[in-house]
Each structure stands twice: as C-alpha cells, then as structure tokens.
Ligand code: NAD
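Below, in structure tokens: the form predicted on its own, a single chain.
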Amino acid sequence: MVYRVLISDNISEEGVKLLRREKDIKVDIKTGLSEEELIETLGDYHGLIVRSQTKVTRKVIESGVNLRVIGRAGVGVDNIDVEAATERGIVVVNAPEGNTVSAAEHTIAMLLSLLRKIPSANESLKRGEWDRKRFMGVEFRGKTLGIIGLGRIGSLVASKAMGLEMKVLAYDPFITKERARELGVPLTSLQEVIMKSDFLTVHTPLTKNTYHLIDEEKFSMMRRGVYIVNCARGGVIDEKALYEAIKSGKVAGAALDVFEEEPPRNSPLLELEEVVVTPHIAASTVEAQKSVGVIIAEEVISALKGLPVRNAVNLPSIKAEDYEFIRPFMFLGEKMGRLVASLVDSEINEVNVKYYGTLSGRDTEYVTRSVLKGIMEHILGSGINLVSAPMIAESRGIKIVESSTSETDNYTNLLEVVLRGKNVERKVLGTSFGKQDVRVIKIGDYNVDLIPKGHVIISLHEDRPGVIGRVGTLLGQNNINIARMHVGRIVDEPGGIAIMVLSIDNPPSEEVISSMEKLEGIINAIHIYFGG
C-alpha cells in the first residue's frame, strides 16, 4: 500500500527527505490552503503535517476519510481539534523536544532585551540620538523568576535562570515534587509564584484551563514593577488586562512572542515602549526547525506503518526506559488479544489484563491498549489503533480491568488476558524472553508454546493415537506445510482432551478447517492469522 502525506505548512527539507525516502509514502506539499481548500483536498491523504498556521478543525478532520495521523511540527497543538481526531481514531503527534532549547533561549533573550531596553536603545541610536539615561536597565542577579509550567521548556529556562544567579519559583500542577527537587526548583502555588516574582514567564499549553490564566485578578496580586514574558501560547495572558497593568505601572514591561490573534492586528500593546515583541519566532532557529521536521517525519512514518509512536498527544506519555522495556509486550499483548477474542463466540463483557513479575513495576497502559486493539480488530476488522481501541471497547459496554503483582512462578514476567462474556470465560498467558522472542505459554488450562506470528491452527482433540496423524494427512493433501507443532495436556497423563497448536506456512481455507473438525477425534479447530 502507498500512503499519501500532505504537508500544509513548511517544514525542514531534512524532514521532507526522510518521508520521501520511504518507498511506500508519497508526499505532497501544498501550503497556504484555506479551510475550504484543505477540506476539498484532504480526502485522498493518510497523513497530514502542519505547523501553527494550518487550523485542523473538526470539519477538516471529518473530511479526512482516510486520515490516520496528524503531525504537528512543534509543541503546541491548539490549532488541532484533538478531541475530534481521537473520536475518529486518528493519532495526533508532535515534536515536543525539537525546539526546547530554542524556545528556552528565546525566553531568556526576550527577558534580557526587556530588562536592558535593548530594542528601544537600538532604535534611538540609529535615529542619531545618544540618550544613555533613558535606558537605565535592571539586573538579573538576585531577582526571583516565577515560572508557570515546568515542562521541558520551563525546566530548561529554570536551569538557565539559575545559571544567571536568579532565584526560581515554579507552579505546575502536573509536576511531582520529586521531579521539581531533581531540577532544584521550589514548587509552590500559582498565587505564591505570582505574588513573590520579580519576573514572570509562562510555559503552558493553551487549554480551557489556561486561557486567560493571567488575568486582571492575577495582575492585582503581583509586585509593582514586575516584568512578564510569554513565549508559550497567545491567550494564556489576558492582553487587555496586561495593557491596563502596564499603563498603571503595576507591570514595568512585557516581552511577547505570541498573541491571541496572530498577526496582532491593531493591538494597543504594540504602541507601548514597555513592550518588546517578536513574531512567534521562539522556535525559529536553524537547529530547531531541522530537529522538529525530522522528529515529526519519523513519528508520521511510524504511525502510518502501525509502529509505536513516542510523541502521541492523544495517547499517554511514557518514559523512554519504560517504552523500550514494554515494546515486546505491546506486540505480545496485541497478539494475545486477537487470540483470546477468537476463542469467544459470544458478546464480551469484560477484559481483565494482569501483569506479573518485572512488568508489575512498569507503566503498562500501552500494553493494555495493545491488548484491546487485538481484541477489537478481531471483532470489527482492521482500522483500530491504540488511540481508538479503549474508546471503542467502552462504547460497546466492555469493562476493562487492570491489575498487577510482583509475584510469579518460573518466569521473570507474565502477561495474562482474560475475556469474560455471557456464560463464558477464556484466558491466555504470555511472556517475553527478549525483544524478539515472545511466546504464548498457556491457553486456558493447557500449557502451550506458541510463537504468535503467521498462520496458526488451534484445535482440541481426544488424546489417543492416530488423531494427529489424520490432521497431518489432511493438511498435506491440501498442500499446507506444518512449520511448527505443539501438543499439550492439562495433566501429564494420556487420555482425556489435549490441545494442538500448528504453525503453518499457508492459510487454510474454510473447507479445510471444516474438514478437520469432521475428522475422528477432533473436537474443534480454529484458524488465526497473527500477521508478521
């Protein structure tokens, strides 16, 4: 299959080259499209890459009938309707680390320009003036910088500020005190940061909760003569309230790289000498643009090919070390989900996922999502992904239960998936022996050794001579080669019912499976395709 990707805002040539290097990806660059033009165009594309200019609205998303991934070459995604994308199972990815250094450096540069009145002094001197007294500045050293938002950029700003001998206070409801201690930054309330800071900088996304976070009330709480910087998102600061605070002298000056309306047409802030502005260029360095272009290209390629992505906005974030550890279990979980769902021929009411051993101490949400993806794909067919799987399961009234224990017998780790429905319960267990070696080791009460790849036939049969031979003859007559076989009992004694797991080189027809079930001694048989 050839995937088509539309780039509607300019990204680095390195990112474009990376996409075009893929033989199964075709790239088109069409910038400056209106919403209507984008709606008319998007239906043919599987991927969309934007920066901040393109607005990916609900209408745009609904027009992308083949859309699988939206990539934002940068950090903020307020120009993308993430909720609408999630509802349609579209992965939204960004490049949060690509412009971190550039944005942090620009923040410090803006603050320095503001405190030393560099833009005004530059203009004055170029007009032929020599007015040194007018441009009396303020030092960094010993002053308190309040940081609202201690994420990647905010924490780097904190580090640079401390290097400039500033004191730092921070507010971020999503950062733990342990993480703040690692950074050497006191974590406190929003009110305290606002009240105690000489300089204030914001580094939050624009959400319903952060819109006009700094408003008239917050300005009234600040020290007189405070300086404010916003290189994050327009709208976090109420610009009308900021204008009034500057005019009254409460705020000594502001440095703004972002605005509620961009470009800021007729903004009274642009008329004030106390305001330093730049046209949303905090991430505009050669290094940053190259980095975000490459990162977003890599993420879009992974998403289109069904591989895990690290920077999905509508998926939970995960530490790099946890991600590397759980990758084989994501693969195993999806295959186990497909397997256990194939063992149930009635409605499913509950999915129970349990983690044993070393898995119990890890962030395993991606594994649970992978299990649900496998289950839902068996029920509904392809097109399910890690974004949509939990939502689809819940919409069908399926209860999802997760649990873990550090205890396990014989194995370092175990993954257990149990499906419960009306008068039915099916269970499978699996483990990983390394990044490339995962196994299903139990189906129900039967011990097995199943590599979940390719075509597999699973059958229950009477444990007596001749039964397995008849199956081999049938498959041979139909030119189906057995690559691997495992036969298991509940107890290690002859007689009773046994399980047979056959890995085969080519898919059996429905007639072959039906003929197999009619063989003497065979109780049932199912064919499962696990993929590569």
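The first residue of the shown sequence is 1; numbering continues from there. Everything numeric here is computed off the predicted structure, so don't read it as measured data.
The following text describes the form predicted in complex with nicotinamide-adenine-dinucleotide (NAD), which does not appear among the structures shown.
Remark: F174 counts among the residues lining nicotinamide-adenine-dinucleotide (NAD) in the predicted bound form, judged by a heavy atom distance of 4.5 Å or less. Interface membership of T210, defined by any non-hydrogen atom within 4.5 Å of nicotinamide-adenine-dinucleotide (NAD) in the predicted bound form, is confirmed.
Heavy atoms of A103 reach within 4.5 Å of nicotinamide-adenine-dinucleotide (NAD) in the predicted bound form, making it an interface residue. Though the partner is left out of this view, N385 does not reach within 4.5 Å of nicotinamide-adenine-dinucleotide (NAD) in the predicted bound form, counting heavy atoms only. Taken together, the three residues M330, G374 and G531 lack any non-hydrogen atom within 4.5 angstroms of nicotinamide-adenine-dinucleotide (NAD) in the predicted bound form.
Among the residues V276, I214, I392, A282, the one placing a heavy atom within 4.5 Å of nicotinamide-adenine-dinucleotide (NAD) in the predicted bound form is A282.
The contact with nicotinamide-adenine-dinucleotide (NAD) in the predicted bound form, taken as any heavy atom within 4.5 Å, belongs to V258 out of A245, A85, V258, M110. Checking 130-138, 331-339, 295-303, 148-156 against nicotinamide-adenine-dinucleotide (NAD) in the predicted bound form, the stretch whose residues place heavy atoms within 4.5 Å of it is 148-156. Taking a 4.5 Å heavy atom cutoff to nicotinamide-adenine-dinucleotide (NAD) in the predicted bound form, the contacting residues in 208-241 are T210, L213, C231, A232, R233.
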